[in-house]
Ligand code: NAP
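Consider the single chain below, provided in structure tokens and representing the form predicted alone.
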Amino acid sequence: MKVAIYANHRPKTRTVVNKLKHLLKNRNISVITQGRPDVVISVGGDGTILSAFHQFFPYLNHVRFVGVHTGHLGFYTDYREYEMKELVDSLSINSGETVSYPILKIEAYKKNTVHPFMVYHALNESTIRRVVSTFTCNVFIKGNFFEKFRGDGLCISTPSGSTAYNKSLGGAVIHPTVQALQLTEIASLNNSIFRTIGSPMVLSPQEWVEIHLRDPNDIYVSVDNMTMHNTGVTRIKYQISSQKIHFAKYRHMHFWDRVGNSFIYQKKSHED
């Protein structure tokens, strides 16, 4: 087995990485810095997982991800910093089981072009917005005009990203194995003149969203933790990708336990 370690630069994380490398060496598990690994161990937080996803995207169909959290509980992390021995024990057994989540494909087009000039993939979400003035666009769903949007912007998220920025916008929390994408408004204008749907929308994997910009100037497009400004984009297409991210299923935490622990409680009995 070949393992790659992707970590942030915090002192606590470096200590965990050193311990992890020592344990892997004792089990004769190779740690590589180049080429295609079998397993990517992300050490840090959910932001580190996002960066690891983009770093190893060319190998997405062939690698499994494992998250180690060195801070508070994260949605993509199954191990804490004091559980490195348990993680290495699981790697040694290597059952090969995975749990797979859908990801988002983003295609950006310039004016009067047929082929995209940029193609990205997001694990959590993509947003499109204007900061200074009102963001205006036409929204198409599966090629059909749906609405004219006015407001701060739009957020298109994956099921696994539904607990991130999407949730803070009032979007629904969706189990990450569901094949769907979600469109959520960012501060839409709704009055006697301008109207939008006003509610988050969950679309099937057979549907896609196209955003046609009325004015492409001063536009910010984000893809997970990356942001692009004034790229000349006039149309963006969002759809569920044919590819997925695969997490090693050594002891993958139940999703609704993650939701409860992160947003509601520290594990309690329902009778409390």
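We number the residues from 1 along the sequence you see. None of these values were measured; they are calculated from a predicted model.
Heads up, the form predicted in complex with the ligand isn't pictured, but that's what we're talking about next.
The shortest heavy atom separation between Gly47 and the ligand in the model of the complex is within 4.5 Å. Within 4.5 Å of some heavy atom of the ligand in the model of the complex lies at least one heavy atom of Asp224. Of the heavy atoms in Ser160, some are within 4.5 Å of the ligand in the model of the complex. Leu104 falls outside the set of residues with a heavy atom inside 4.5 Å of the ligand in the model of the complex. With the partner omitted here, the stretch from 106-114, 185-193, 145-153, 123-131 that lies within 4.5 Å of the ligand by heavy atoms in the model of the complex is 123-131.
Note on the partner interface in the model of the complex: the residue among Val139, Ile174, Leu91, Ala164 having a heavy atom within 4.5 angstroms of the ligand is Ala164. Though the ligand is absent from this view, in the model of the complex it lies within 4.5 Å of a heavy atom of just one residue from Gln179, Ser95, Ser168, Ser199, which is Ser168.
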